[in-house]
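Take a look at this single chain in structure tokens; it is the form predicted on its own.
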Amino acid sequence: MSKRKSLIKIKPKKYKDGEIVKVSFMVMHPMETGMRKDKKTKKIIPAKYINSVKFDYNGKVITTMNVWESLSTNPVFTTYMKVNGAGKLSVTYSDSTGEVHEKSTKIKPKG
């Protein structure tokens, strides 16, 4: 299993305990639909797309997204969450081939 590049962004960058923040998760993924042909080999490129994304904050599920192949290459998933103290934010996603990846970041409210 290859490691995919991904990034979790929280806005605003500085936030306080109890504040609602915007969480964006970006991942480098080909999102192949299975309907495109390789230009050189003329064979159909097999489907490979993200089908599930889950956001966890300190072990509690914030949201789960079920998605389909119609998303763009390198998709961005966004949600909002209320900061309830320091902790760990994790995003787990799986794709149609069964690959599962996780990215996490620390939540550190100021003040």
Partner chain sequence: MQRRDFFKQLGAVATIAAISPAISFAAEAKGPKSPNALSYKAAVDAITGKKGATESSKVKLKVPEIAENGAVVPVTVEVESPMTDSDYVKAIHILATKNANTRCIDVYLTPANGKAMFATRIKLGDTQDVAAVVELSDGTFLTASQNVKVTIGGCG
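Just so it is clear, the model here is predicted, and its values are computed rather than measured. Residue numbers count along the first chain shown, from 1.
Omitted here: the form predicted together with the partner chain. The next part is about that form.
Here the marked residues Pro46, Lys88 and Thr97 all miss the partner chain in the model of the complex; none has a heavy atom within 4.5 angstroms.
The shortest heavy atom separation between Lys22 and the partner chain in the model of the complex is within 4.5 Å. Looking at Thr78, you'd find a heavy atom of it within 4.5 angstroms of the partner chain in the model of the complex. For the chain shown alone, Asp56 is not a contact residue for the partner chain in the model of the complex, no non-hydrogen atom being within 4.5 angstroms. Interface residue remark: Ser72 is counted as part of the site for the partner chain in the model of the complex, having a heavy atom within 4.5 Å. Within 4.5 angstroms of the partner chain in the model of the complex, the stretch 37-64 places a non-hydrogen atom from each of Ile44, Tyr49, Lys60, Val61, Ile62, Thr63, Thr64, taken in sequence order.
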